[in-house]
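Coming up is one lone chain in structure tokens, specifically the form predicted alone.
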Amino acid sequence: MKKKLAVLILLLIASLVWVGSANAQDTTPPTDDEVNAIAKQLFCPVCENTPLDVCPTEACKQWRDLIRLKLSEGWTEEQIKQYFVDQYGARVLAEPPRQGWYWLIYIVPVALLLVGLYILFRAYQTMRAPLAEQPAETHAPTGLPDEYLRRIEEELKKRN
């Protein structure tokens, strides 16, 4: 009886291992949507500024097929993207990684926007300042002697 129970437990464990390994091997090929979801996040290394999912070149078709193969082998999206980065550099990524010098791509535009808004705010404040606060201009130039001004006025009257 103990032998039969041990064999039964052994068969049960073997069947669970077999079912588990069968579940791990998904034999359905990846769909075009799954391939394009990853290809959309990559740029063609040959064509400039063209996403991999819409690039018509033969090289991009081969790369999409490579993505399909990697997906069928069980690779994750991140592993596939890292594979392309290792092969062609970070320029193939549609969104630069948020690490190292690439942080500048995210920080500099925001910093420039804030500086621009500050400059506009200060200019607006200056334009709204009342005229009374601004120094009044005199009509007569300062620093000229009164005698000199009197002679200029007399000359102007003579000519009229």
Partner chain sequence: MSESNVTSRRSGVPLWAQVLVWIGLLGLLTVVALGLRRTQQGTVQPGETIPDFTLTLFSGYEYEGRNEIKFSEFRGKVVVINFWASWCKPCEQEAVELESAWRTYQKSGQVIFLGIDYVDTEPEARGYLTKFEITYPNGPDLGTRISQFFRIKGVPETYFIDRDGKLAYVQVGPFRSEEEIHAIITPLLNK
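Numbering follows the first chain given and starts at 1. Computed from a prediction, not measured in an experiment: that's the story for all the values here.
Heads up, the form predicted in complex with the partner chain isn't pictured, but that's what we're talking about next.
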Exercise: Q62 in contact with the partner chain in the predicted complex, heavy atom 4.5 Å:
yes
Looking at the partner-bound form in the predicted complex, is C44 within 4.5 Å of the partner chain by any heavy atom?
yes
Indicate whether the partner chain has at least one heavy atom within 4.5 Å of a heavy atom of R91 in the predicted complex.
yes
E95 near the partner chain in the predicted complex, any heavy atom under 4.5 Å?
no
Please pick, from L104, V54, I119, L113, the one residue with any non-hydrogen atom lying within 4.5 angstroms of the partner chain in the predicted complex.
I119
